[in-house]
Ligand SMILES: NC(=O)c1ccc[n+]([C@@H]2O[C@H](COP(=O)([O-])OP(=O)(O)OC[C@H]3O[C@@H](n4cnc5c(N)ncnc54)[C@H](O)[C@@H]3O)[C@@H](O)[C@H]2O)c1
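Given next, in structure tokens, is a single chain: the form predicted on its own.
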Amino acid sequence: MHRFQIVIVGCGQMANAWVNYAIARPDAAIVALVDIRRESAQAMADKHGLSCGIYTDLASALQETTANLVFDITIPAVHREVVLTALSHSCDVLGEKPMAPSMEEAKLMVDAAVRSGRMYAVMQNRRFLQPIRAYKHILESGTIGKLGFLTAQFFVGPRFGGFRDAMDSPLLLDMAIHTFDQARFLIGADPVSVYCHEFNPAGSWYQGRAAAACIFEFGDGIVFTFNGSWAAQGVPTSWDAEWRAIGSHGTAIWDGNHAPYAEVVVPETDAAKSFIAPTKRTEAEFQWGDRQERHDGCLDEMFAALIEGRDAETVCTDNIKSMAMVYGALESARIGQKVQL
């Protein structure tokens, strides 16, 4: 029997990458597909040549198979039900972001995972990139001195259609958690407060507020700012955002598309200090090896954690802190005041 007996819940388009990953693992087998629309689960099975069970109810799939791992690829509103059901059947869970449509639900899910002793980890694929790992190394190595200010710019104009167009806060709820999680990863700490202004810009095709400006304060005086819009047409940033980190001795840049680099101040004598200090460019060091990136990179980390009996990097007890950034920003925008996190 394969070590990982997997039930996949939610058979929409996003599930294909999860299915392909599971099929490629020699230690894993997909034992069931679950979707409220039976025909969607059957279509997924036919597409990938799977002969597993087809279900419309997760509890039945778990009772009738040897499952020990659940992939939750459902919409956020269903995550709580899927995760709690899986945990109650002694299954580990790997799921899509965001964890839940509210902090209250997210906390219930985290508490349930902790009580069960099973692992619940969340997909945060934008941590798992060679460039962001190299960028983090620049910040951690002291190349630019003590970090004081980190900024991210995110401006793209996708026309998804469907549920995102009708959301009250499509940017903050559906997308910004990626950038917020990246910021926590890069700084290596968690924020203590946020002030956010959320709005719907001119020309937007979203019903809700598709743009936001956020100021997060971290411990030790570090400030992270996020400016973004999902209705920005022309001159798009990378989907991984554009980053600037300013330290006591220089600045590090990552545009989300190319290799990061830094410009570091060149020491001068007191007698001949320039109006603007001269700098030298320092290229990033890529030290992450030949690991998988993005979606598969995150799944590799999750499975490694299961095999090694440790928490995954994106385990729910950590990922809820990125969720707190999202819901803290939403609350700040609602009341027009700084919110403590």
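Heads up: residue numbers just count along the shown sequence, starting at 1. What you see is a predicted model; the values in this text were computed from it and never measured.
Beyond what is shown, the protein has a form predicted together with the named molecule; the following relates to that form.
Listed residue that, although the named molecule is not shown, lies within 4.5 Å of it in the predicted complex (heavy atoms), from Lys97, Arg118, Arg209, Lys136: Of the candidates Lys97, Arg118, Arg209, Lys136, Lys97 is the one lying within 4.5 Å of the named molecule in the predicted complex.
Any non-hydrogen atom of Ala17 within 4.5 angstroms of the named molecule in the predicted complex: So Ala17 does not count as contacting the named molecule.
Partner contact for Gly10 in the predicted complex: the named molecule, 4.5 angstroms, heavy atom: Output for Gly10 is yes: heavy atoms within 4.5 Å of the named molecule.
The named molecule contact at Pro76 in the predicted complex, heavy atom, 4.5 Å: Result yes; Pro76 sits at the interface with the named molecule in the predicted complex.
Proximity of Arg281 to the named molecule in the predicted complex, heavy atoms at 4.5 Å: Contact check for Arg281: no, nothing within 4.5 Å of the named molecule in the predicted complex.
Triplet Arg127, Ser169 and Glu198 all within 4.5 Å of the named molecule in the predicted complex via a heavy atom: The answer is no: none of the three residues contacts the partner (heavy atom, 4.5 Å cut-off).
Partner-proximal stretch of 312-320, 36-44, 283-291, 22-30 relative to the named molecule in the predicted complex, 4.5 angstroms, heavy atom: The contacting stretch is 36-44.
Residues within stretch 280-308 having a non-hydrogen atom within 4.5 Å of the named molecule in the predicted complex: Going through 280-308 in order - heavy atoms within 4.5 Å of the named molecule in the predicted complex - there is one hit, His295.
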